[in-house]
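Shown here is one chain on its own, the form predicted alone, set out as structure tokens.
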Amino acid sequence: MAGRALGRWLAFLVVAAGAVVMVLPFYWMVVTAVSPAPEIIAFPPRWIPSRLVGDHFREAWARAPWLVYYKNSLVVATVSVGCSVLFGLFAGYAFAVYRFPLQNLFFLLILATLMVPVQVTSVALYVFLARLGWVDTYQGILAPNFASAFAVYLIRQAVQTVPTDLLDAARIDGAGEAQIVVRVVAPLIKPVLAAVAMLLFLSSWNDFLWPVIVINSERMRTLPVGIALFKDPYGFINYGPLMAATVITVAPMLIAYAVSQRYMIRGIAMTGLR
């Protein structure tokens, strides 16, 4: 009995230590954004500011067209998530329900794309999109994100939990395969779709490498690219406005995660992802 209680306490301490490590960068970001300038670079560091200031937020907002960055990030993230979830839903349904030649090989090839880093294909992809005239356009930013192997995998795992008899009953009632996917399968795996959408949205919102390669003008910059260029021409970084800009950038994601947290946990539990 005593050993079991000791084990629970050790597990609690490990989880608490992990939580502190995860939360500390966010806490330091917010503290830096609201601290007076002399306290940001003070040593030893001040974990609690002597007073709260809003000057860094005003300076950050005045130095960049944040509404343009927000619009671009929102368009890119929304379209890429919509296309990826739609493609993943139908592709995952096909891999889970149908049997066709070389099915496992095709599925393994899709999963293998997860192991190819974007750095490997970025040059060839840039040259291809440049010939199409898609550089510095929404199409160019979205091109690598129209479909997601990760979404196909998770949705296939979820569709496999749907009873086959239910699908057969829908077919007997006259429903086509597209209707079955949209009206029967999608509502049953709604938590998984929500989790996939949220994970893809986070990935797209924070994506930096490909947008910075394919974007040339300020009017097409997304939020991560805008923050990376948030410094003066001589390379000096003013950490107060930079952290304020980072808070402006991540705030929508924190709110979205807080709202969808319940669906994400249920979705991950349904797919058995650990």
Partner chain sequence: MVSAWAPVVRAVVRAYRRHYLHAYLFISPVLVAFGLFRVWPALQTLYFSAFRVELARRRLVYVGVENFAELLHDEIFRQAVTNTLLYAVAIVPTAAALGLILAVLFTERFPARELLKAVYFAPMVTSTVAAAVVWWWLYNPQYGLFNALLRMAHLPPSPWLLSTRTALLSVILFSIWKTVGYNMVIYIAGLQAIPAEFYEAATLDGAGPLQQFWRITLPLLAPVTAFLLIYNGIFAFQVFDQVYVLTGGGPANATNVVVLEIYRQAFQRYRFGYAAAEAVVLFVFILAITILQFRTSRRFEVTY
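Nothing here was measured: the structure is a model prediction, and the numbers come from that model. Throughout, rigid core stands for the largest set of C-alpha atoms superposing within 1.5 Å between the two forms. Positions refer to the first chain, counted from 1.
If you look for the form predicted together with the partner chain, you will not find it shown, but the lines that follow are about it.
Proximity of residue 164 to the partner chain in the predicted complex: non-hydrogen atoms within 4.5 Å are absent; the residue sits far from the partner. Using a 4.5 angstroms limit between non-hydrogen atoms, residue 110 touches the partner chain in the predicted complex. When the partner chain is considered in the predicted complex, residue 136 lies well away from it, no heavy atom lying within 4.5 Å. By the criterion of a heavy atom within 4.5 Å, residue 239 is counted among the residues contacting the partner chain in the predicted complex.
Shown alone, this chain has one stretch from 73 to 81, 156 to 164, 187 to 195, 91 to 99 that lies within 4.5 Å of the partner chain in the predicted complex by heavy atoms: 91 to 99.
Contacts of stretch 33 to 66 with the partner chain in the predicted complex, defined by any heavy atom lying within 4.5 Å, are made by 40, 41, 43, 44, 45, 47, listed in sequence order. Once the rigid core is used as the reference frame, the Cα position of residue 70 differs between this form and the one not shown by less than 2 Å.
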